[in-house]
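Just the one chain here, the form predicted alone, laid out as structure tokens.
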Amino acid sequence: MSLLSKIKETLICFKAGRVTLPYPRETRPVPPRFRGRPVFDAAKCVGCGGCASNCPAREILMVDLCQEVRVVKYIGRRCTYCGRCADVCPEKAITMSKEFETATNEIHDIQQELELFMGTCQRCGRCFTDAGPLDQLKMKGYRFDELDKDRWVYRSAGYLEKEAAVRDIEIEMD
């Protein structure tokens, strides 16, 4: 490396000028199809559970407190703002906001919780198709969401009554 090559490199950098954006001082509008964090509208939500079943980050939990009340809770810790919940919602109760500055010290700032009154179904005809083979492999067991611990839990158990799970092969040795 010669001194001449370093001087040439320096001149090239000065010619380029400023290449960074003055972001904190000057903000730009977000692009038209920008996806910020999801926002839930309790007035439109029918509690079908499509958003919770299709969330790849498992950040939407659903629990039935009783036969008439269903709780939908958006946690938001691992949400990647992919928009699958908004795409699958039949009532368009979930919209993707234009917020992109969602950093916070308190996770409760971005969480949302809806309590929905569940009326009896009158066969609305908005059923979700069965999961594909890959999703079926992931979703074994009975789903049980724990709202107090903010997590999805799958509980399944297989029992063999009075029978060994694996039969040993008996080998006679002479």
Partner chain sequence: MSILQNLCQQLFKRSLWVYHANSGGCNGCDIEVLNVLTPYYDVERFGIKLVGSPRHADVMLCQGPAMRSTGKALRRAYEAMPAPKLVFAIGSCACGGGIWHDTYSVLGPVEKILPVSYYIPGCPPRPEAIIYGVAVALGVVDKKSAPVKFKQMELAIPRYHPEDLKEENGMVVYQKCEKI
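Numbering follows the first chain given and starts at 1. Take the two forms, find the largest set of C-alpha atoms that superpose within 1.5 Å, and that set is the rigid core. These figures come from a predicted structure and were not determined experimentally.
One more form of this protein, predicted in complex with its partner chain, exists but is not displayed; see below.
**Student:** I'd like to check something about Thr104: if you look in the model of the complex, is any of its heavy atoms closer than or equal to 4.5 Å to a heavy atom of its partner chain?
**Tutor:** Although its partner chain is absent here, Thr104 would touch it in the model of the complex, with heavy atoms inside 4.5 Å.
**Student:** Although its partner chain is absent from this view, report whether Arg25 comes within 4.5 Å of it in the model of the complex, heavy atoms only.
**Tutor:** Contact check for Arg25: yes, within 4.5 Å of its partner chain in the model of the complex.
**Student:** Taking its partner chain as it sits in the model of the complex, is Asp109 near enough to touch it, meaning that at least one heavy atom pair lies within 4.5 angstroms?
**Tutor:** Contact with its partner chain, yes.
**Student:** Is there a heavy atom of Arg78 no more than 4.5 Å from a heavy atom of its partner chain in the model of the complex?
**Tutor:** Arg78: contacts its partner chain in the model of the complex.
**Student:** Relative to its partner chain in the model of the complex, which residues of 43 to 58 have a heavy atom no more than 4.5 Å away?
**Tutor:** Going through 43 to 58 in order - heavy atoms within 4.5 Å of its partner chain in the model of the complex - the hits are Ala43, Pro56, Ala57.
**Student:** Using the rigid core as the reference frame, would you say Glu106 shifts its C-alpha by 2 Å or more between this form and the one not shown?
**Tutor:** No, the C-alpha moves less than 2 Å.
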